[in-house]
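Next up, structure tokens for two forms of one chain, structure 1 and then structure 2.
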Structure 1
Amino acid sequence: MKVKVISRSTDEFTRERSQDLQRVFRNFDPTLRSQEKAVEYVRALNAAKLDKIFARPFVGAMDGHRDSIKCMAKNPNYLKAIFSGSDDGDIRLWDMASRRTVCQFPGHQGAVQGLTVSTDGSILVSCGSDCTVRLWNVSDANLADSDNLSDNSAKPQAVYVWKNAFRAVDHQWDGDLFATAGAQVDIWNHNRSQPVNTFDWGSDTTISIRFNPGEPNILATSANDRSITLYDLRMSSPARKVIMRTKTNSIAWNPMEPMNFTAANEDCNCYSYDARKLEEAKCVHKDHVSAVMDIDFSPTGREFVTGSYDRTVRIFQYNGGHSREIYHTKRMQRVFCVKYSCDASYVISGSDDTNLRLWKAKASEQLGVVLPRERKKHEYLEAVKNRYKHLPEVKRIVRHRHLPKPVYKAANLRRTMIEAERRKEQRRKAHSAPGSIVTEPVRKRRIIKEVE
């Protein structure tokens, strides 16, 4: 005869201390929980609503510049430091934690067009419309001592004067070289007052430049002639070039997939390319209603942030056609530069109204110390939301954003125009001989040709 006995150890349900939580045991057998999916759906719905309630993305503004902010740079060795340069020649180092100026770098006589920091974080390189490149020593004392803020000004370590005004600068991710963009692309060494190499392809001004994070000798540039060009420092001439229908204002390489880059274009869209196959874009990212001025990838490589002339900041998935987040304030004017923080938690934007603004990368994220139980709860709700994201009610709540009236109206007008163009093309095709009109895919439509 078999006798079934319920037995349990007192250790399994007894608290060790009076402050401990009561231990609760659950049986996860699906036959006992017939309403599990319905309960999870309600939890997903409530999580989506709570995200909207707690969405407070704006952290604060950093005020101090007297002219519009044109460029920014991160220090790879110091998490809370950000450099900014403005149209009046003022360069500042900010402490993002206290949102105050730590140090100023006076010297430029015209607008500061580009900033970049060396690999080891010790040298800041700036260039401007006054035809000079300046190297500044960024000492640890400047970075660490954010309390001593009285007239803390630095002197340039070196000043290189050149023939033409500069539009952008970028430093190798691993190496001693940095590149400037202007009438041509110049490659400089820290210890040389003349460029060590010069590239030129066409006569138009180069407006942005970015080194590849994986291969230090490869860089991409965009120019006023609507071209995106790839250069290899080991070769004597430029490698490849693609010409688009509209100008590209900025370029950002994906740090986790260094063969891919995304271009911020004048036609309100961003285009992701594979550097090995430039005849077609990998993805077209739409949503802005005016020219996209700047772009920066998250260190994780899964998202990028864009700043636009339409006075908004948007965050996109690296493979998503539409933005997952839009940030705007009443006072923020045209956004000229954006950066992701080195820990991917914050986004910094610099705009025409002389302010730097600090935003959370996830609008409803809880700041400060999160307890382990809280973190588990957040992760669970995120997973549940992800499981039911395709259902209409959850999808509607997650996607909904309040837009400023000018942006909302412009987006509606833009949608109407695109729809009208599509209908016109369909009718033209329907009334033409079969095969005489070929519809070009969106990924190829904005590309004129590729040159090698």
Structure 2
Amino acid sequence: MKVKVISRSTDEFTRERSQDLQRVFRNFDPTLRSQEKAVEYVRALNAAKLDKIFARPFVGAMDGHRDSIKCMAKNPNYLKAIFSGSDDGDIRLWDMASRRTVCQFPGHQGAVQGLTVSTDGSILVSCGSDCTVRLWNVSDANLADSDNLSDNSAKPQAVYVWKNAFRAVDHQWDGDLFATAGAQVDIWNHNRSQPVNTFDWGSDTTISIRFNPGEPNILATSANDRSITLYDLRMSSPARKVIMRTKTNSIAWNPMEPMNFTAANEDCNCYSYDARKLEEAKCVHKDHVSAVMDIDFSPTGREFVTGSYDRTVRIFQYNGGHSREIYHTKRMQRVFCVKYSCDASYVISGSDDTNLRLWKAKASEQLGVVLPRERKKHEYLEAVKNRYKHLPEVKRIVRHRHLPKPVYKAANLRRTMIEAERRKEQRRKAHSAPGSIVTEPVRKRRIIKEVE
């Protein structure tokens, strides 16, 4: 007869020395484990609760400005730094790790309306309501030198004066042109004291401007006549224009999908468009209760952060209709500018109360070096929570956010009003000939027309 019995020798299954790691053997057979789904559900519930326990998104506030902060710029070559400009003409360079001012750039007489950094990180361009554009030298060597200066201030490399006040500025991604927005759109070169080119379509001031990250000659602007216009630098005339019902305060291009951009609108929504097809919005992001003032995409292209007049900062998914996260503090007043840090871990907001605030992008993330086993565990908990997040118990915990009372009440009021509109529309439809009243989807409803 042939016989074999299971016999395990202890040496094969235990470690040799106490300095070795313990040996782990795996067998993935489902019959060895019972009630897998229930165990996963309990783990998802615990993961949701732990997430909420560890959610501490506020990192710190950067104090120093003496007036409300209107604009910010990030240096693409230097992760720790951020520039901010305020209403009294004060531009500062902050070090986010220590949350202190590294350098100040005095010079503007009025409010600083726009800040931008060139792609190689050497020049900071600022424009203000005193009709000037100033260029500052901010290459790394220069900043290191400036630490030695006693008053921590720098002199501008160039000052260009022009005809009217400026509202916004943006630098081209791969060239040395920058564009300013004001009464008209001007294209400047670093070395010329006058704009190289001017675009003027429509009679109203342009309030924001953004160059496309993928196609360096395309830029999007938004104007006071409720329009969003796309320009191409190679053609001497503007390309396309879409007019909406309300004004767009800011635009951001998706860095991973450069044909899409999202517009932060005055009617509390953000609209994502495909630049090739402007007749219909791709997605409407609804959650704010007051005008959305600024918007910035994460470098992953999967999320964007918005700051609004209702004193909150929200983070949305690029294709999601509702926000994933909301940040608010009693001390933070109207948020005028937001930026997503270049490593996609932090969000910076600048607001009316003269402070810049640093928040974590993922509220319960563990900062610092995360060991591989810890990281795997976090990923597992995230995955198991996402698998069961539609079930009532888990959903209740995952969705729960504390809202400040004014925001909560305003949201309820908006909801009742929208519900009332919808009900009336439904009743009108029900009592009229079928097909006579057509409801447009929200994506189209807010657009008045598209113009070539």
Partner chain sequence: MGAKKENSDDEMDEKVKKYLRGEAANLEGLKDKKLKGQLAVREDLYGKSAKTAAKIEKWLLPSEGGYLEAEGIEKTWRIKQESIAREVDILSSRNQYDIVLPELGPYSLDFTSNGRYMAAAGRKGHLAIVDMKTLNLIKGIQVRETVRDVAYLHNELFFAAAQKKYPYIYNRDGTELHCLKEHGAVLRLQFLKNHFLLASINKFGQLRYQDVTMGEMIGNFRTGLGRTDVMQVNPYNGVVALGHSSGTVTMWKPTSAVPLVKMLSHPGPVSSLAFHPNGHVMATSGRENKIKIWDLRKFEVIQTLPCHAKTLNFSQKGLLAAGTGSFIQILADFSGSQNYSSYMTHSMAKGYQVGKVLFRPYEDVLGIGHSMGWSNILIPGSGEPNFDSWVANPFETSKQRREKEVHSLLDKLPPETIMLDPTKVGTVRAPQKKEKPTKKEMEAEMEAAIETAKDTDFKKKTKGRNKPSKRATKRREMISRAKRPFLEQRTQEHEMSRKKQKTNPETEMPKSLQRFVRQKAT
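For clarity, a rigid core is taken as the largest C-alpha set superposing within 1.5 Å between two forms. Computed from a prediction, not measured in an experiment: that's the story for all the values here. For residue numbers, the reference is structure 1: its sequence is counted from 1.
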Index of the chain form predicted together with the partner chain, chosen from the pair
2
Rigid core fitted, then: does T416 show a CA shift of 2 angstroms or greater between the two structures?
no
Indicate whether E12 shows a C-alpha shift of 2 Å or more between the two structures, with the rigid core used for the fit.
yes
Rigid-core frame, C-alpha of H402, shift of 2 angstroms or more between the two structures:
no
How many Å does the Cα of V24 travel between the two structures when the structures are matched on their rigid core?
3.0
